[in-house]
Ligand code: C2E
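Below you'll find only one chain, the form predicted alone, shown as structure tokens.
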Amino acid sequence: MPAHSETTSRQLRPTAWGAALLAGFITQLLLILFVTLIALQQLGVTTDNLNAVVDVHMRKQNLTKTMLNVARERTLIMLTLTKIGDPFERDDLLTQFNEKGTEYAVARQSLQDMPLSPRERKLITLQQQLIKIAQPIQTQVIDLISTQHNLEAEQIAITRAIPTQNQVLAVLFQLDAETQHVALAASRKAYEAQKVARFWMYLLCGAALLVGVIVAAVVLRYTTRISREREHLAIHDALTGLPNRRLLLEYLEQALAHARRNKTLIGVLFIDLDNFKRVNDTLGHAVGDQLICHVARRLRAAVRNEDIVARLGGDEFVVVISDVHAASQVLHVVDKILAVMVAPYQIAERELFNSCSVGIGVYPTDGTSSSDLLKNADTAMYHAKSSGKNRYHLYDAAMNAMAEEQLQLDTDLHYALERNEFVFHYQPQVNLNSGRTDTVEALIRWNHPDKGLLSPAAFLDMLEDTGEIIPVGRKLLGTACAQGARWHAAGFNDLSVAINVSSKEFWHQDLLANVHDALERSGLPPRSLQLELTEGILMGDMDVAVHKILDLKAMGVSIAIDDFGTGYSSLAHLKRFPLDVLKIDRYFIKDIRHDSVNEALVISILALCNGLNLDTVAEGVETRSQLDVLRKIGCPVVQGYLISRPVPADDVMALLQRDWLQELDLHSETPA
């Protein structure tokens, strides 16, 4: 079963997952931004390269072709001029010849101003050198034509001007080819740059897509996991990981359907821890939670794999034993559970003992629906707990009547205080040395209008559970102090009144004020009030408990530990707490006449009290043989039915006037 710390760590995991997802999304966004920036940059480079190819190189080609075409046209014009006699036509051709020359010069100058490769620049230089050779010859031809020496001009044009011009044209052809070659190379370079840009874009886009897929997968896994965890938490107990009531009911319905088909039995065990509230109140809820987890593991280990163990809340568990053919199989599992539960628990460097009470409902005899089986098993469990705890009870129909009676008792309890139905009976504590009653213990009773006088066992736990113990205890404290003051006024000035204080009363913030108010109103001297605490009360917050006891003692009140030896006390605790009286539990007194171990334990407790300067009272003295042993080993004060049962206040005066040495015929005996 998961421990409480593991549950806490599971609850922290969504924060780590959320941080991881946020980091993944941020990474993906940064990658997309990076891809976009790189793409824009590469697109700009590619665009510039393409512009260079389209603009620069195309313009260079156009200029080269312009120069080539102009050179051809000038050659043709020059030949035509040698054959035309019409002066007007000749003047027009001369004008065209000169304009073409200007056009050629402009194109060549524009070409020179553009970025050129070394080969292109070399060809332009060669072309310029050839032009310097051809131009004087062309000028000579034009001059001869102007003077109408056409035959001579034609002769020079054919023999000298045209061959020279052909050389120029050859260079221009080479320049045109080189320009095309450079343009093609630039185009290839731009394409390569674009190809590289595309590669990086594809690569980064792929990386972004991969991160996106990973993030999406993580989100899907995370949401699926969260969904599973939420579903798990909806049907499981958060502390123990066991199924909760919802899943239990679903399982039980399936088990019932199976049992109906196969004619088998189902055992429903309702389990409640004994005295778990005392663990929570004294050792704290953290220790209580750890105990619950240990119990869950033990229950799971005690049953079969196909059986279900569920936690309903608090210290209540349900075990469903399905597909059995005899009730004895269910009881066998119950015996195993009771056995494993009584083994000591090692929690917070402390050894704890905690038993459980089990109620059993069996299908189909004790119910045919899940609600009836659970209700009847719960009823049987309360019967087991009221019968002494650490045991089990099978359900029978009579228990429902008892449960209804208990419910009615719980209802009546709410009105008992305002109806003034709570009273004190008093039981004397006799000093075996003086034969006098030193102290009377006030024991609460409920004078129920229909059921008569009820002992604390019938209602005290209900008072604790509802919190009514606080106002009831406050009122009874005042009543007992007032009664003690009346006995003092009657002449019994040395008599003390002992009052039990519950855990809730002790830890309540108004305890000191309530004690002070009761003493002040009654006039009872503080030295005559003794408050009895159980060992478990002091184990909650020991530092605070010590301070509270010191504050009570500062008032003059004495403090007694009740039922010593059956709780959590140790010698170190006895040394630490400023106590006055230690009451030896009746468990050690019951068999003291026949059990040497019990006698040895009581002797040890008496020696311990002598060493710590504590008064000692032996509780539960019911027989003369018990009294004889106690007197022999030096027990100074006894309390029990041998002396007197608890009696109303009006009957105490007669007990106070008795000489118990004479009553018990102890004058002739010499105590050890």
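Numbers follow the displayed sequence, beginning with 1. None of these values were measured; they are calculated from a predicted model.
Quick note: we don't show the form predicted in complex with this ligand, though the next part is all about it.
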message: Quick one: Phe424, Pro456 and Arg586 and this ligand in the predicted bound form, is every residue within 4.5 Å by at least one heavy atom?
response: yes
- prompt: Which single stretch, out of 108-116, 376-384, 434-442, 593-601, brings residue heavy atoms within 4.5 Å of this ligand in the predicted bound form?
  reply: 434-442
field: Position in contact with this ligand when the complex is considered in the predicted bound form, options Gln167, Gln483, Ser502, Ser187, heavy atoms within 4.5 Å
entry: Ser502
- line: The one residue among Asp315, Asp237, Asp562, Glu120 placing a heavy atom within 4.5 Å of this ligand in the predicted bound form is Asp562
message: Residue-level contact is defined here as any heavy atom of the residue lying within 4.5 Å of this ligand in the predicted bound form; does Gly640 satisfy this criterion?
response: yes
- request: Report yes if any heavy atom of Leu460 sits within 4.5 Å of a heavy atom of this ligand in the predicted bound form; otherwise report no.
  value: yes
query: Looking in the predicted bound form, any heavy atom of Gly634 within 4.5 Å of this ligand?
result: no
- prompt: Using 4.5 Å between non-hydrogen atoms, is Ala296 touching this ligand in the predicted bound form?
  reply: no
field: Sequence-ordered list of residues in 595-622 near this ligand in the predicted bound form, where near means a heavy atom within 4.5 Å
entry: Glu619, Gly620, Val621, Glu622
